[in-house]
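Below sits a lone chain in structure tokens, taken as the form predicted alone.
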């Protein structure tokens, strides 16, 4: 059973609701993101969604747009986010989902992204204009 299914099964067995936290990866730095993920996991979050910053986030509100701008200014990239996920996997098994615009995945290359995401330990993908089953 994968980490997402396992998390939802445990939540259901406890009769609770899921807490899915969102962070813009790289805001303000990827090192901070890693620390925040660990803190959220320790505080009881069930799943963590990591936003992948995009230079033109028109589908997002102003708060997420500003977070994406800060993350990009700090040098965050999809490749670096995957490295952060790899590092996190040595410390936590909390399910991690990436939220990305398809443009970033297309530029990375779908097959390469899927392979690298699976190897890094990404559990799911939420994407604007991309299928969530793209990497299956």
Partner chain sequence: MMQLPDARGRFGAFGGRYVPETLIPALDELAREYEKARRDPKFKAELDSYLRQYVGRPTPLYYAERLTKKLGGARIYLKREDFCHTGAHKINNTIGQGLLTRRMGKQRVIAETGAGQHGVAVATVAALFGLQCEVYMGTEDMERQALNVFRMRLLGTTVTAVHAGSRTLKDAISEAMRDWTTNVRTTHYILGSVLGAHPYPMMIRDFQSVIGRETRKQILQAEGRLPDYLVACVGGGSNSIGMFTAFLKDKKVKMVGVEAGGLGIESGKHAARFATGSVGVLHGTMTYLLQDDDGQIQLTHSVSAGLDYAAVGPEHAFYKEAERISYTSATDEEAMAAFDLLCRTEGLMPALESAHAVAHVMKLAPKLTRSQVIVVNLSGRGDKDVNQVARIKGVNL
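Residue numbers count along the first chain shown, from 1. Just so it is clear, the structure is predicted and the values come from calculations on it, not from any experiment.
One more form of this protein exists, namely the form predicted in complex with the partner chain; it is left out here, but the text below deals with it.
Undergrad: Establish, in the model of the complex, whether 36, 38 and 93 all lie within 4.5 Å of the partner chain, using non-hydrogen atoms for the distance.
TA: Looking in the model of the complex, the three residues 36, 38 and 93 all stay beyond 4.5 Å of the partner chain (heavy atoms).
Undergrad: Among 41-49, 68-76, 22-30, 82-90, which stretch has residues with heavy atoms no more than 4.5 Å from the partner chain in the model of the complex?
TA: Careful reading of the contacts points to 68-76.
Undergrad: Verify the contact flag for residue 111: yes if a non-hydrogen atom of it lies within 4.5 Å of a non-hydrogen atom of the partner chain in the model of the complex, no if not.
TA: Heavy-atom contact with the partner chain at 4.5 Å: absent for residue 111.
Undergrad: Within 4.5 Å of the partner chain in the model of the complex, counting any non-hydrogen atom, which residues from 82-111 show up?
TA: Going through 82-111 in order - heavy atoms within 4.5 Å of the partner chain in the model of the complex - the hits are 102, 103, 104, 106, 107.
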